[in-house]
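Let's start with one chain on its own, the form predicted alone, as structure tokens.
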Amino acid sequence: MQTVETHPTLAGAAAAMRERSRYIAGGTLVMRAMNYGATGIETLLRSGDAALREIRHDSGGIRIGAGVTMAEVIASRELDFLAPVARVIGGPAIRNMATVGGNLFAAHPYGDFTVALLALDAQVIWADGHREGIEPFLAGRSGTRGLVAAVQVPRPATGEFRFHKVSRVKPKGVSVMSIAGWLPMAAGRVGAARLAFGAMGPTPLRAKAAEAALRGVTLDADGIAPAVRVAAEGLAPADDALASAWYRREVAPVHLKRLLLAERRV
């Protein structure tokens, strides 16, 4: 039997966390796990902290509360560059419940929004106020380290951020693969690019070889060819019910090329 505790602040919920506790926001992950027979959960923690639903400018970027839903991302003018990502997460009912904070912990075939956050070099803000880069956060997310209060992302210039989701069921099927790219441009050439793949490892991963190959090139077929050739280098796809590791490695260059040559759409 589970009990539910609602705390007025996120700090209060964080203080109440125990080994057999789980925090619940939209419930799309925790309740699904419980409905499928997950054991070891005795207490569900919630919080009505208003800061969890805030979207506001912060020093160095835009702060998105962990409780902001995908539907709220789509409705936000400040987050128009992330709206295409939020739109391909489930159907309307899921988007009204699924949260930014919850997506950080979503294992494949979910977690597309986190792929975008990785490409954008987001900062994860914990309930106690300390900040952590998205890469070390993902490397250690299997452990229980507290509660996430928000993420902070920079606002890319128009056309610099791109996202592509590959699924067998359109428009809301789960991902066979997802790719996000932050492509800062200077004098018509790519600067310090960041590319992130979902479903190409145990968590979303950066394609660092492809990033290095993009530096200083023009975004045309000839310019991106070296990056396309090393698209899957350093990644670790697995076999699952959606696709084999071999298939993912074979199609990663194809979809990266599509992402890099596509015009931005919002």
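Predicted model only: the values in this text are computed from it and were never measured. For every residue, the number given is its place in the sequence shown, counted from 1.
Missing here is the form predicted in complex with a small molecule; even so, the following discussion is about that form.
Peer 1: Looking at 184, 133, 173, 154, which is the one with a non-hydrogen atom within 4.5 Å of the small molecule in the model of the complex?
Peer 2: Only one listed residue qualifies here, and that residue is 173.
Peer 1: Which pick from 190, 71, 88, 79 sits with a heavy atom within 4.5 Å of the small molecule in the model of the complex?
Peer 2: It is 88 that has a heavy atom within 4.5 Å of the partner.
Peer 1: Give a yes or no on whether each residue among 22, 29 and 106 has a heavy atom within 4.5 Å of the small molecule in the model of the complex.
Peer 2: Verified in the model of the complex; spot residues all in contact, yes.
Peer 1: Just to confirm the contact call: exactly one of 190-198, 110-118, 71-79, 154-162 touches the small molecule in the model of the complex at a 4.5 Å heavy atom cutoff, so which is it?
Peer 2: So the stretch in question is 110-118.
Peer 1: Counting only non-hydrogen atoms and a 4.5 angstroms cut-off, does residue 214 reach the small molecule in the model of the complex?
Peer 2: It does not: once the small molecule is placed as it appears in the model of the complex, residue 214 has no heavy atom within 4.5 Å of it.
Peer 1: Determine whether any heavy atom of residue 210 comes within 4.5 Å of a heavy atom of the small molecule in the model of the complex, and answer yes or no.
Peer 2: Residue 210: no contact with the small molecule in the model of the complex.
Peer 1: Considering only heavy atoms, tell me if residue 64 and the small molecule come within 4.5 Å of each other in the model of the complex.
Peer 2: No, residue 64 stays farther than 4.5 Å from the small molecule in the model of the complex.
Peer 1: Is residue 148 one of the residues lying within 4.5 Å of the small molecule in the model of the complex, judged by heavy atom distances?
Peer 2: Residue-level check for residue 148: yes, a contact with the small molecule.
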